[in-house]
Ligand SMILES: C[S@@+](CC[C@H](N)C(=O)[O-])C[C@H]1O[C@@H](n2cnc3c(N)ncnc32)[C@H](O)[C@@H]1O
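Below you will find one chain, with nothing else, as structure tokens; this is the form predicted on its own, and questions on how it binds or moves follow later.
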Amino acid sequence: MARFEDIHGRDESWAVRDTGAHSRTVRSMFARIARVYDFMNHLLSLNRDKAWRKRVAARLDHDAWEVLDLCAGTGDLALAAMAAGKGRVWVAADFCPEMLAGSRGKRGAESLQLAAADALALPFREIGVDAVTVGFGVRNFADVRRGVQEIARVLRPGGQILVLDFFRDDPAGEGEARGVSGPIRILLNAFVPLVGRLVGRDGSAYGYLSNSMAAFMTPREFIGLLEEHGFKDTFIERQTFGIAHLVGGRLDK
């Protein structure tokens, strides 16, 4: 990921110049680790990822009908929404079919509608869904701005966006906007690639995780991007000392 400034002079270190190459690299990486993805998520987060997904599900409106989970991976976030009784139709979309295949056999997976789809060019109608969730996927978008535009396109007015991710630390942030402390981040940066190499058998993939966190947006920067695209009632909710953040909002009517 390249660090550069946009025409307004804002730092956009999270932006990617060669979006095609980035997408191909990320898709190939997830295809390689699809079989160990769930196990590694639980191991690296000490099972906290399950609680984080439940928190996303708890934030969904009770009357949401169609829930679209982007970068759905093996379906865990969509299944968490289902288990919480949120939604009536659940679409799990991911641009890596190998990841979607990992949902097979999970409780409730037979009720998921699986879609091999790129978040930057969604094959869904405009104003079609009540809520869009993204668990640890926005950080992998080749073009975050374009991804948010697509989400806004398919959401109905008043619909929700809920994004759970490892945002970059915001040293100037306060309260819910603050990230983990420097020593914890240093530990994560060393621990994740090591475990990925020893247990996941793919050090480069889990090295990417650490690098992508360092190059991603802060929660406040992402809130700013949401507001640029018509979202209001935005919020930031820290998860586990700021290791992860839940960021969301509602598309203005």
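Numbering starts at 1 and runs along the sequence shown. On a predicted model such as this, the values are computed, not experimentally measured, just so you know.
The same protein also exists as the form predicted together with this ligand; that form is not shown, yet it is the one meant from here on.
Contact check for Phe95: a non-hydrogen atom falls within 4.5 Å of this ligand in the predicted complex. At a distance threshold of 4.5 angstroms between non-hydrogen atoms, Phe141 is in contact with this ligand in the predicted complex. When this ligand is considered in the predicted complex, Glu176 lies well away from it, no heavy atom lying within 4.5 Å. The shortest heavy atom separation between Leu112 and this ligand in the predicted complex exceeds 4.5 Å. For the three residues Val163, Ile223 and Gln239, a heavy atom within 4.5 Å of this ligand turns up in the predicted complex in no case.
When this ligand is considered in the predicted complex, only one residue from Met99, Ile151, Val129, Ala81 comes within 4.5 Å through any heavy atom, namely Met99. Shown without its partner, the chain has Val26, Phe30, Tyr37, Asn41 in segment 26 to 48 as residues with a non-hydrogen atom within 4.5 angstroms of this ligand in the predicted complex.
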